[in-house]
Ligand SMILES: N[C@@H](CCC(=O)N[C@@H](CS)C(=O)NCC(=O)O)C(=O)O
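The form predicted on its own is given below as one chain in structure tokens.
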């Protein structure tokens, strides 16, 4: 049986969500972030040397990285569900693209934004804080936020012709990128003005499996 080593407020939500979509039984071991550093606990390094979440174990197998875990679960337990069957179709090409684009291109920007948001909150001499706040503000204004909006505009355009990111059927690509879009909305707050993406988020948040994953693993967040 699969055991999910789940770190709260992490990409691990995707794994719980997929398992709930497939209605697969699994064990859940929850880890808390350090209250001061917000980092994963050292206990995760006992499962995988990098100590990063998500991680699953399945028998003696230890598997990490979101896309790899999601694909493994589909290969072993999916029975053909939640990804396009025709590997030569445009839908399958989109499926592959968004499975890898999410972590390769989009998520690094969101993590960078989170890091610069946290920097002014770290312990430092009082006279340094205003300088750090200004640096963070300028980097967001000049680079991070324009790049995030560039990606969101790309994703918004994609959903103008299709309901989901890999054709007209919900797939694991939507699970993979849905987490990232939710995080982008949280980071941008009132500056998230994307009608199609908001509709997409509303659709996934209504899914019983999504709600059950939150119930078991906690809220979606970086």
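Positions refer to the first chain, counted from 1. Small disclaimer: the values here were computed from a predicted structure and weren't measured.
FYI, the form predicted in complex with this ligand isn't displayed, but the following is about it.
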With the partner removed from view, which of 24-32, 188-196, 45-53, 166-174 is the stretch that lies within 4.5 Å of this ligand in the predicted complex, judged by heavy atom distances?
45-53
Using a 4.5 Å cut on heavy atoms, which of 162, 65, 156, 58 is close to this ligand in the predicted complex?
65
Is there a heavy atom of residue 36 lying 4.5 Å or less from a heavy atom of this ligand in the predicted complex?
no
My question is simply whether residue 40 lines the interface with this ligand in the predicted complex - judged by any non-hydrogen atom within 4.5 Å.
yes
My question is simply whether residue 103 lines the interface with this ligand in the predicted complex - judged by any non-hydrogen atom within 4.5 Å.
yes
Partner contacts in the predicted complex for 4-42 (non-hydrogen atom within 4.5 angstroms of this ligand):
7, 10, 11, 14, 33, 39, 40
